[in-house]
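Here you get one chain, nothing else, as structure tokens; it is the form predicted on its own.
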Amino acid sequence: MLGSLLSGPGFLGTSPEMLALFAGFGLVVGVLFGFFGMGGSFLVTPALLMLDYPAPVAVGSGMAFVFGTAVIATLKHHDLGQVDYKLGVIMITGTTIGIEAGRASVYYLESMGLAGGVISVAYVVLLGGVGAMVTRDALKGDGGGGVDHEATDKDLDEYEIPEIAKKIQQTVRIPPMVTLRGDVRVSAWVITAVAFATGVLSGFLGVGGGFIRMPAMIYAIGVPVPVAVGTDLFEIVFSGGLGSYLYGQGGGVNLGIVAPLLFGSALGARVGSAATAVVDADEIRVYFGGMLLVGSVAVGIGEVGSYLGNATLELLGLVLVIGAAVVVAAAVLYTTVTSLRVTRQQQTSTAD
């Protein structure tokens, strides 16, 4: 099995080979997180599953990693005034219930010996669906599937509420009604429903849920894009922290996994954030969508390999998951370097 190939004595029970692997993967995930506003954190759990870690450890360690990365990003958005704490606090209620429901489902399936397979199938569907949507929007030039770096510079009153959000606001008028930043007025029950759904996702799959929650805030609640990004990260801090605590109580958080992942992602996130100043996200977004699609296929291959006891298929799945993320991160870095060279040449020509 893949896990036994790399296991051995080392830091917190993790072998040097695994520490290097996790630190490198964390670096790649950090670049994606810093650049797109949603990273490869949802690739961590399936990668751990393919390394033969128990489902609770894979999910719990994934949530702990999400918690660490979100804390740093939330502080940045707080300084920019892009966090709606009223919205975030309301969402905590639904998120709490959802996370516990998702966590209980994982342990129930684990007791039946089905958790790894069910979670892997859920990832195949989720990564495939989101990947197809991101790729389609990127090819159509709609700018979907990530943070619009230019859009976050607008004033909040310049954002137009999506039509579907307007219909929800007009249809669902169940008290109490709350007013959010950007002069958005919506039923607290709509916010709670969105929070519960993404909470279940977080608790069951070990992800922050941001790549679902952020679009839901925009299209279901109607908040402006920067507020959705900042508040989503604030919510991920809570959901990731709560999920980590709950899984940690049952021994589901492996610090030998989380520590090197966070170490690598801390550097990667700074690089990715810096890249947003010189690279157009639309140039890379299609690759990001492709990464999700490859990730979906990879998880499927890994699960088939695990079911058949075929180590070659398991290794292939793991290589595809990590390789796809590496390719996209490399594309971000390459485009950044190329853009800087072009800018420098233009400045030199102007000076001459």
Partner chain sequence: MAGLEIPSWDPETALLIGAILLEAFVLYVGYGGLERLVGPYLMDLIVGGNASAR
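Just so you know, these numbers come straight off a predicted model, no measurement behind them. Positions refer to the first chain, counted from 1.
Missing here is the form predicted in complex with the partner chain; even so, the following discussion is about that form.
Asker: Specify the contacting stretch among 94-102, 174-182, 119-127, 227-235, defined as having any heavy atom within 4.5 Å of the partner chain in the model of the complex.
Answerer: Heavy-atom contact with the partner occurs in 94-102.
Asker: Any of the heavy atoms of residue 192 lying within 4.5 Å of the partner chain in the model of the complex?
Answerer: Flag for residue 192 set to no.
Asker: Is the gap between residue 331 and the partner chain in the model of the complex 4.5 Å or less for some heavy atom pair?
Answerer: Looking in the model of the complex, residue contacts with the partner chain do not include residue 331, since no heavy atom lies within 4.5 Å.
Asker: Classify residue 168 as contacting or not contacting the partner chain in the model of the complex by the rule of any non-hydrogen atom within 4.5 angstroms, answering yes or no.
Answerer: Residue 168: no, not in contact with the partner chain in the model of the complex.
Asker: Is residue 64 near the partner chain? Define near as a heavy atom within 4.5 Å, in the model of the complex.
Answerer: Residue 64 belongs to the contact set for the partner chain.
Asker: By the heavy atom within 4.5 Å rule, which residue out of 188, 89, 71, 133 makes contact with the partner chain in the model of the complex?
Answerer: Exactly one residue meets the criterion: 71.
Asker: So which of 83, 216, 205, 259 reaches within 4.5 angstroms of the partner chain in the model of the complex, heavy atom to heavy atom?
Answerer: Among 83, 216, 205, 259, a heavy atom within 4.5 Å of the partner chain in the model of the complex occurs only for 259.
Asker: Identify whether the partner chain in the model of the complex is within 4.5 Å of every residue in the set 308, 310 and 312, based on non-hydrogen atoms.
Answerer: Negative, none of the three is within 4.5 Å.
Asker: Taking the partner chain in the model of the complex, which residues of 223-258 have any heavy atom within 4.5 Å of it?
Answerer: Those in contact are 241, 242, 244, 245, 246, 248, 249, 250, 253, 255, 258.
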